[in-house]
Ligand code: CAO
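Next up: a single chain in structure tokens, the form predicted on its own.
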Amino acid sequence: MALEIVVVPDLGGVESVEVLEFNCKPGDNVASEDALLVLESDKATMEVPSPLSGVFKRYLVAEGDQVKVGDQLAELEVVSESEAVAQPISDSLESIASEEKPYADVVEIAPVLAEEILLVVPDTGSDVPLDVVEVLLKVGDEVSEGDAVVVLESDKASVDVPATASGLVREVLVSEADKVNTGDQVARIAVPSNVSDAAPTDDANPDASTSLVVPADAVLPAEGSESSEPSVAPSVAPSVAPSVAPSVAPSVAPGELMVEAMSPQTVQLDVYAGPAVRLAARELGVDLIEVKGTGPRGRISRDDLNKFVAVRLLEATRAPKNVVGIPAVPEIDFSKFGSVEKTKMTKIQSLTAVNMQRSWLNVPHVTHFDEADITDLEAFRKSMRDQADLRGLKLTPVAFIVKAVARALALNPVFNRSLGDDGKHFVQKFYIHIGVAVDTPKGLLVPVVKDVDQKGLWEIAKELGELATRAREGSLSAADMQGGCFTVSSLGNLGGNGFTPIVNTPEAGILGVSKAQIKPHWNGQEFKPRLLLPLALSYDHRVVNGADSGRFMVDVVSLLGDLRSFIMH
């Protein structure tokens, strides 16, 4: 009965791993390839198989220990398997010794044992093919164990495929732009073929006996093999039986123990979580350092991650001011400075705050400033006051501004677009609906005047008055505030020389109107007092460019400055 020491196998370039879980207890019967324990690195978990059949004796490490390649993990009592493998080898050596050229075929064992091995794509944890984006070797190159040989790319990460042994590149089996799956062959490499070097007899090194990866039938000499120099026989013969037998039993294919070695290289190192949880966290955009694990030794489970995400989503709905990636404004106790009163925001005020913040954060704003000479327009408007009274209407400058904007939208359809959700297309609208901001006791509302381009000034003035009244009374319907293509926000007679309005997404532009003032205006010959209206056009720079805004504003200013332009267009 022999004692077999199980050691940490090749980790594919990883320096150390953690002992995660034990699968056996003393006295258990184990078969070859049964999982003895589970190791975990920052990139993957892997099971360590039993190299032989036998009786499990004890573990030489504890859960949570950090181990590296070659460290002793467990002891097995092996009854017969190693003897069963060694006996055919011994019989073969005796038959070889009886021939005319003893040990000749034994020398030929070396190239059979380690002539070349195949490098394959290890388990990626996915059935989706990966693209070969870079080949890092060529025929004739020398590679060391752990060196990256090719770079693969999925839709989530770029990863390296490491060499599982050191040797010389015989053939490269993939090229850039190829698609590969788990198990596909990447390259063939020739490993050192000197039996003395490849299989030393030093029993103190438990990893030495597993340095060659060969099928069990490869250790038997082939019939008809060519003779070698008999002078090497004495040095070879004594080492074959003891060194080959232990190396045969594991029969581990290259990359077999590298479970999930294709995990993305960018990982979080200061957390205790498995690869599946790490992958889910990356897809959800969660920093695992912030997640509290409830498993053994603080291990983060999938339930821990799901609960964390659920809490964050709940917090986001309750406190919309805390936008991901932007520091929250610190809370201040104002009562320590004097008398205060807390008043709950109305629903309209809360929704306005959320919508304005969303628009400001998502839309790259640009604001174009100009002035319109409305001296003649204002004189005409006042001259129509009697007719407005007869109609029971109030003809305000806003009606003229809305009409001018509708004409400008027709002339500049780029402003009548909205960016698609995917950011790769825009929606061109062939209707012209204009929203008008109305100040109400409960907050800012934006009712929409539909089909402005098809209506005259009297009709627009009437609809504006009705919408404004209903807005202040709180009787607007949802349909009254939907479908806008563009917004006009007028401060009227409240004052101010200008302001920068925030685009009402998904619209592409908004026109801010301030208080008109009498100013000296140069007409080419002299300065004359004119009534100038400050205008500020804010627009979404993803859809509208500076030249577009310039043309739009020229049309608006021209229409407001000369009423005859309404007729000409």
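Nothing here was measured: the structure is a model prediction, and the numbers come from that model. Note that residue numbering follows the sequence shown and begins at 1.
There is another form of the same protein, the form predicted together with the ligand; it is not shown, and what comes next is about it.
Proximity to the ligand in the predicted bound form, defined as a heavy atom within 4.5 Å, holds among Leu39, Val543, Leu537, Leu533 only for Leu533. Between the options Leu411, Ala148, Val438, Val291, the residue in contact with the ligand in the predicted bound form by a heavy atom within 4.5 angstroms is Val438. In the predicted bound form, the ligand stays beyond 4.5 Å of every heavy atom belonging to Lys57. Using a 4.5 angstroms limit between non-hydrogen atoms, Lys450 is distant from the ligand in the predicted bound form. For the chain shown alone, Thr396 is a contact residue for the ligand in the predicted bound form, at least one non-hydrogen atom being within 4.5 angstroms. In the predicted bound form, none of the heavy atoms of Asn416 sits within 4.5 Å of a heavy atom of the ligand. Figure note: of the listed segments 60 to 68, 28 to 36, 47 to 55, 514 to 522, the one touching the ligand in the predicted bound form, with heavy atoms no more than 4.5 Å away, is 514 to 522. Judged against the ligand in the predicted bound form with a 4.5 angstroms heavy atom cut-off, the residues Arg381, Arg385 and Leu444 are in contact without exception. Of the residues in 462 to 482, those that come within 4.5 Å of the ligand in the predicted bound form through at least one heavy atom are, in sequence order, Ala468, Arg472.
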